[in-house]
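Heads up, the chain below is alone and in the form predicted on its own; it's given as structure tokens.
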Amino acid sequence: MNYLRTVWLHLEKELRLEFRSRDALMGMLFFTLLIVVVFSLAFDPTSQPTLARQIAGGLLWVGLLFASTTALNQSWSREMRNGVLDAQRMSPSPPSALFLGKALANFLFVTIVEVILAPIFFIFFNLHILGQSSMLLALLPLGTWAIVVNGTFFAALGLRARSRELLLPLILFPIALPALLAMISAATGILTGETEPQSGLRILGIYDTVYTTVSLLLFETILSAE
């Protein structure tokens, strides 16, 4: 019970700081919106609806992955500046609670961006779902968590590196590749109705479980490293 309360306190602190400045939310929203607009102008989705449905899932997830990296780096830099990591090292509370609170906060921020962008994305790409639309309720949280849990962990790993803004995408993108392929496969299956999205969702479920467990177990080592 104390562990859950500690996670909630970290999550509450993250939400309060972000909604006070809105730096991460606005950055992610602007970056992803820019990708949607540029690619919708690059070709005419109304004249090629089949092609639009085939590539739309990939564009959305790649855009969210790129946009998330800037916000993830920024969240840990704020902790470093305010001395939160030094305080956490001296605190009796479990370090994994700090990681889990921050990962949940990042999950909520990316989810808010998805909720705002989804209608815009469907309008710009003239999309109509031909598959199982209910599967989106499983795909969005599983895909978002796959991006966020690894991104939060590796952003903390590179926090003391001189070029941490460059280091995070170099580490995160190759490791997130299996999850990204599963997200794109499931999204394309839902939009086109030509394939079943269940196999992609199963891969995402396994990926999320494995990387969440590893991140929670190893975060104390990352926090204690000098």
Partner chain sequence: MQGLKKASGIALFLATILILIIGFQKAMVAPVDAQQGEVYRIFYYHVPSAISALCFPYINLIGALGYLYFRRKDEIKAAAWDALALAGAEITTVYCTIGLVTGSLWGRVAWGIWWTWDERLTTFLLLWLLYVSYLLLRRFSPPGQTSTLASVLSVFAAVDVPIVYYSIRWFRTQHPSPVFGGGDGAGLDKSMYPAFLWNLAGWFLWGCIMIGFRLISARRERLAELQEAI
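All figures in this text were calculated on a predicted structure; none of them were measured in a lab. Residue numbers count along the first chain shown, from 1.
Just so it is clear, the following notes concern the form predicted in complex with its partner chain, a form of the same protein that is not shown.
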Counting only non-hydrogen atoms, choose the one of 119-127, 100-108, 67-75, 147-155 that falls within 4.5 Å of its partner chain in the model of the complex. 147-155
At the 4.5 Å heavy atom threshold, is Pro178 in contact with its partner chain in the model of the complex? yes
Is there any non-hydrogen atom of Thr46 lying within 4.5 Å of its partner chain in the model of the complex? no
May I ask you to check whether Leu11 falls inside a 4.5 Å heavy atom distance of its partner chain in the model of the complex? no
With a 4.5 Å heavy atom cut-off, would you call Asn2 a contact of its partner chain in the model of the complex? no
Even though the chain is shown alone, can you say which residues of 201-218 have a heavy atom within 4.5 Å of its partner chain in the model of the complex? Ile203, Tyr207, Val210, Tyr211, Val214, Ser215, Leu218
